[in-house]
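The chain below stands alone, shown as structure tokens; this is the form predicted on its own.
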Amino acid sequence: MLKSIHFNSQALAYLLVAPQVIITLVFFIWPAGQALYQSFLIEDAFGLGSEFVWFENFIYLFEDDYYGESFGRTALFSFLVAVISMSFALFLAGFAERVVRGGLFYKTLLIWPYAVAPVLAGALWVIMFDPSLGIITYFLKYFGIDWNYKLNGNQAMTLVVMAAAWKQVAYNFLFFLAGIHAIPKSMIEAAAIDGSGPVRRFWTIIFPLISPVTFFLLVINTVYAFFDTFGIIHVMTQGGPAKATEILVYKVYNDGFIGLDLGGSAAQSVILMFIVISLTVIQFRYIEKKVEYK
């Protein structure tokens, strides 16, 4: 019989949650408030003065054609990264259940890429696809493909999408594998006895039952593509060539730290924050209704 323990004082409860509250205030609430305030200012590049201009920074951004292009570029990038990484991870998780010998070793190898830092992941892909020294580039030239992502914007976008998706596959694989493990084996065995093949069992039993996991990963991968791919893009293309890979989060860096437009950069970060929040709210409020959790 389990005994319930109750504390008469609320001081202990507040003390236990205090570290998390402090971390949230220091590393999220305070920086977000600073960015919101700074987005209403036009500041001197040397930090010697500032002028309060209300929404002038935001108006300028929405009138800027380059900023509008970065919206479409970011939407395409996040969509491709989410779809490719989740599809490939689901494919690997489905096959992981069918591995009899060396299953643990196989799963461990698939998890390793998640431990690689984004900067290092970008460096690895640069080494493989370098126009002059890359081993993959050598084979592409052997088949008559002229590969130079430093000059071709489409090739650069393709490369950063592949690198970002590869980095996220291991994370998605873990959740898909856990979701598949949670499905009762009796249901799959009963379908097999009824004559359903592996593909039919996957689409009629496994995939519908892991829809909550799929929905969760959709949100996580969208946020990942918006924010956590900065290191990959910075190492591989620096937003080039000709801004072909400059997504929203990298444009914030370029305008703020390179162009020294601190107010405009802060306005961009505020817009990016509200975009991600809005996407998450829309997904949880509307798409969640179509997810069956039973």
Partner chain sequence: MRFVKSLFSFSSALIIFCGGIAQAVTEVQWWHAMGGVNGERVDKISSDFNASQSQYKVVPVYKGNYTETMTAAIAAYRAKSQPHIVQVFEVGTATMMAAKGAVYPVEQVMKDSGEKFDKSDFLPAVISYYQTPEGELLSMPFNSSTPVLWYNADALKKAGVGVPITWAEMKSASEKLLASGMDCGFSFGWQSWVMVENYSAWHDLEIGTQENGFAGLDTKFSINNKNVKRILGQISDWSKKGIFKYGGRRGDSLSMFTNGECAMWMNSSAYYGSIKKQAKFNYAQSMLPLDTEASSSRQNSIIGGATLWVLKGHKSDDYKGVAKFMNYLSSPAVQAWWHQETGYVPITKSAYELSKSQGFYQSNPGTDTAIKQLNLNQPTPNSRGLRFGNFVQVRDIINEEMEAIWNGSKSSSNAMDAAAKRGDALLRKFERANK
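Residue numbers count along the first chain shown, from 1. Computed from a predicted model, the values in this text were never measured in an experiment.
What comes next is about the form predicted in complex with the partner chain, which does not appear here.
This chain lacks the partner; the member of Leu151, Met162, Met187, Ala75 within 4.5 angstroms of the partner chain in the model of the complex by a non-hydrogen atom is Leu151. In the model of the complex, at least one heavy atom of Gly259 sits within 4.5 Å of a heavy atom of the partner chain. Taking the partner from the other structure, the partner chain in the model of the complex has a heavy atom within 4.5 Å of a heavy atom of Tyr66. Under a 4.5 angstroms non-hydrogen atom cutoff, the partner chain in the model of the complex lacks Phe55 among its neighbouring residues.
Of the heavy atoms in Tyr60, some are within 4.5 Å of the partner chain in the model of the complex. Annotated contact segment (heavy atom within 4.5 Å of the partner chain in the model of the complex): 143 to 151, selected among 178 to 186, 205 to 213, 81 to 89, 143 to 151.
Taking a 4.5 Å heavy atom cutoff to the partner chain in the model of the complex, none of the residues in 212 to 226 make contact.
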